[in-house]
Each structure stands twice: as C-alpha cells, then as structure tokens.
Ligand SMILES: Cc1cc2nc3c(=O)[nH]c(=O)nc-3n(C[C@H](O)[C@H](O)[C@H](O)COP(=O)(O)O)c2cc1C
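One chain comes next, on its own, written out as structure tokens in the form predicted alone.
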C-alpha cells in the first residue's frame, strides 16, 4: 500500500454501525490483528489481548449485553434538547439512530473483536514521588486504530465502542476471561469492535478542521 492509499484509508475509516450479512473471511481478521500488533507500545510491553467472537450463540449473548448497556446509557444522555442549533441536533439524532441500530443488531454482525488490557501497576516511583508517564491504554488504543485502518483497507467496516464496559463482568463470564485468585478482574475492556462489510458507503466523517484545534509553538498561535 503506498502513501496515498494509506492517507485515503485513514481519512475514510469512520464508524460503521450498519452491516450487511456478507460473511467475513477469518484470514482478513487475522491480517487486521497482525496490523494491530505492529502498533506503537510504550516500553514495548504490548499489553493487549484480543478475543474474536464469530460463534453465533456467543455473539447473540454478547449482543444482548451490549444492547442492555447501550439503552441504559442512551436513556442517561441529555438528548437533542441540549442543542440550540437544529443542524447539530440533526447530527446528534443521526448518530443516536445509528448507535441504536448497532446496539439492536450487534449479535448479527459477522465478527466482534474485544480489545482487553490488563489491570496492572503502571508508572514508576523514585525519591521524589510517583512519575506520571501516561496511561497504559496509550499502548492499547494505537492497536485498535491499526486494526480499524487495516480493516478499512480490506473493505471492512468497524466502530470503536466501549459501552459494553457497563456489563464487563458478565461479558468476561460469558467469554471465560480469567479473574485474579481473589475474584477481582485481571483485565478491562479497552474497546469492542464490530467487523463486517458496511451496508452503506465509506466516506470522510464530519470533523472540526485540524487548523482550528492546532497551535504552533505556543498556545494560540495559528497558521492561517
């Protein structure tokens, strides 16, 4: 893949929440996982573990957990009344409807990939105290993004979701993810990523212009 193809894949890797029923080749998922493993990792710790779900019964059960989590979450959102601009309210409704569709149909998606990260001490201490070197998930989310971009390059859609964390304990029990000896969790869910061929089209997602949120050399210095 040349540079232009990479940029195009990055620019069009948007959240896909509606999928066709076309099956996904496991070899393509393995390709995406190899790409995920090549992501940057602080100290080369490579903390992530992947759980790939393709079994229909397991997908259905995980989908039910996700659906419960999403609808609880949606009910707690302020809703479109929080927007005083109709265009923003309309954009919010579109995202909500797509998210709701995914929640109601996650169990039907061809594949689901869970990205897990271990719950471990992170950072270091010396005579001056604790050193904040950043969060461990800074070494997990690059793998998620690599996976999603690789999937896009293969024509597969994905979406980075986290709402299933509301029912993480039940998800771990369903999938046999081990706990510590005292019963406390060994892992947390960094992301749940559905994978499949999109029912619609890829495209560039609406985003703030990069120039609007970029400062050069000093806060407030903008390139015009």
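Numbering follows the first chain given and starts at 1. Just so we're clear, the structure is a prediction, and the values are computed from it rather than from any experiment.
Only in words, not in the display: the form predicted together with the ligand, which the text now covers.
Think of it this way: in the predicted complex, the ligand has a heavy atom of just one of 136, 114, 102, 153 within 4.5 Å, and the residue is 102.
Of the residues given (193, 189, 62, 163), 163 alone sits with a heavy atom within 4.5 Å of the ligand in the predicted complex.
Contact annotation for residue 9: none of its heavy atoms lies within 4.5 Å of the ligand in the predicted complex. At the 4.5 Å threshold, heavy atoms of residue 211 stay clear of the ligand in the predicted complex, well away from it.
Although the partner is absent from this view, residue 215 stays clear of the ligand in the predicted complex, with no non-hydrogen atom inside 4.5 angstroms. A residue is said to contact a partner when one of its heavy atoms sits within 4.5 Å of a partner heavy atom; residue 207 meets this definition for the ligand in the predicted complex. Annotated contacts: 24, 54 and 147 are all free of the ligand in the predicted complex [non-hydrogen atom within 4.5 angstroms]. Only one of 167-175, 154-162, 180-188, 34-42 lies within 4.5 Å of the ligand in the predicted complex by heavy atoms, and it is 154-162. Of the residues in 66-100, those that come within 4.5 Å of the ligand in the predicted complex through at least one heavy atom are, in sequence order, 66, 95, 99.
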